[in-house]
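We begin with a single chain expressed as C-alpha cells, specifically the form predicted on its own.
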C-alpha cells in the first residue's frame, strides 16, 4: 500500500515536471538564447579588443576597464544620463502620481480624458521623436511658427541645437511619451483602495490633503517603488530618442550611455570596449535599483 502511494506521488511529480517543462521550456529557452547568452558573450567580448569586423578577437584582460576609468567622454555621458534620469524619475514618480489622483476624481468624460493622456504612450518612440523633431525645427517647426504668429520672433530658435535647451527638449519628449503609462499604474492602484476608507475619512471631516497623505499615499507606495525603478531604467536606457533627435549633439552634449555604446560599437568599430561600457552600466544599474527598492520597501514597512 505504501509503495503504491509512493509510486503515485513520484508519478505525480514527474507529470508535474513534464507539464512545467512543456509550458515553460520554450520561454526559458528563448530567454536564455536571446538574453542570457548574449549577456555572457558581451562580458566575454569586454575582455577582448574585438572590432566587430576582424576574425578572432584578441584577449586583453581588463585593459578596456582600465581605459574606461580615464575616458572623459564616458564620464560626460554618465553625467548627462544621470541628469536626465533624475528629472525622469522625479517626474514619473511624483507628477504622474498627482495627475492620477486628479484623474481619479473625474466624474465627467473620465474615459476620454484618461485616454488622451495615455495616447502618446501608444505611439512608438520613433514616431514620438520624429514628431518632436518637427515641432522643434527652426524654420518650419510648429513651436517657432506659433511664436512668430504671436509676434515673439525673438524667442524662436533651433531648440535641439541649443546647448542649454537640448537636455530639456529630450526630457520633454520622454515625459510626454511615457506619462500615460506611469499614470495608468497609479490609477490602477487607486482603484484597489477600499471605499470604506474614503467614507470614514469623509465622516471624520478629512480634507483632500489629509485623504491623500493618510490614505492614498501609503496605499500607493508599492506603485511608487515600481514606477521609480521603471523610470530609472527608462532614464538609463535613453537611446532611440537621441538617435532620432540630436544624434548626441550639439557636440557631445547629449551623449547618453546608450548612445555612447552605439557610438563606440558602430561608429568607432570598438565593440570590445563598447561591451565593457555596457557591462559596467548594467552592474551600476542593478546596484542602484537594489538600493532604491530596499529603501522604498523599508519606507512601506515603516508606514
Partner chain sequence: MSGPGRKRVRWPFLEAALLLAGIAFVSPCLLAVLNSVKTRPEIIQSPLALPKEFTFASYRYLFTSVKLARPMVNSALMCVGVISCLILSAPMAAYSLMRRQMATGRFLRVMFLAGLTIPFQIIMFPLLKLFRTLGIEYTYLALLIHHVSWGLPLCIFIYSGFMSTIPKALEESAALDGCGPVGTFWRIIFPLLTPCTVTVIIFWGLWIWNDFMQAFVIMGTTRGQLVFVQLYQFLSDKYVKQWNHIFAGVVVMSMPVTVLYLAMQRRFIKGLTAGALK
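The structure presented is a predicted model; accordingly, all values stated were derived computationally and were not measured. Residue numbers count along the first chain shown, from 1. In this text, rigid core is short for the largest set of C-alphas that superpose within 1.5 Å between two forms.
Not pictured, yet referred to below: the form predicted in complex with the partner chain.
- The closest heavy atom approach of residue 62 to the partner chain in the model of the complex falls outside 4.5 Å.
- Put simply, residue 294 is far from the partner chain in the model of the complex: not one heavy atom of it is within 4.5 Å.
- Taking the partner from elsewhere, residue 162 is found to have every heavy atom lying beyond 4.5 Å of the partner chain in the model of the complex.
- Remark: residue 123 counts among the residues lining the partner chain in the model of the complex, judged by a heavy atom distance of 4.5 Å or less.
- The partner is not drawn, yet in the model of the complex one stretch among 68 to 76, 196 to 204, 151 to 159, 81 to 89 has residues with heavy atoms inside 4.5 Å of the partner chain: 196 to 204.
- Along 67 to 105, these residues reach a heavy atom to within 4.5 Å of the partner chain in the model of the complex: 99, 102, 103, 104, 105.
- A movement of the C-alpha atom of residue 27 reaching 2 angstroms or beyond is seen between this form and the one not shown when the two forms are aligned on their rigid core.
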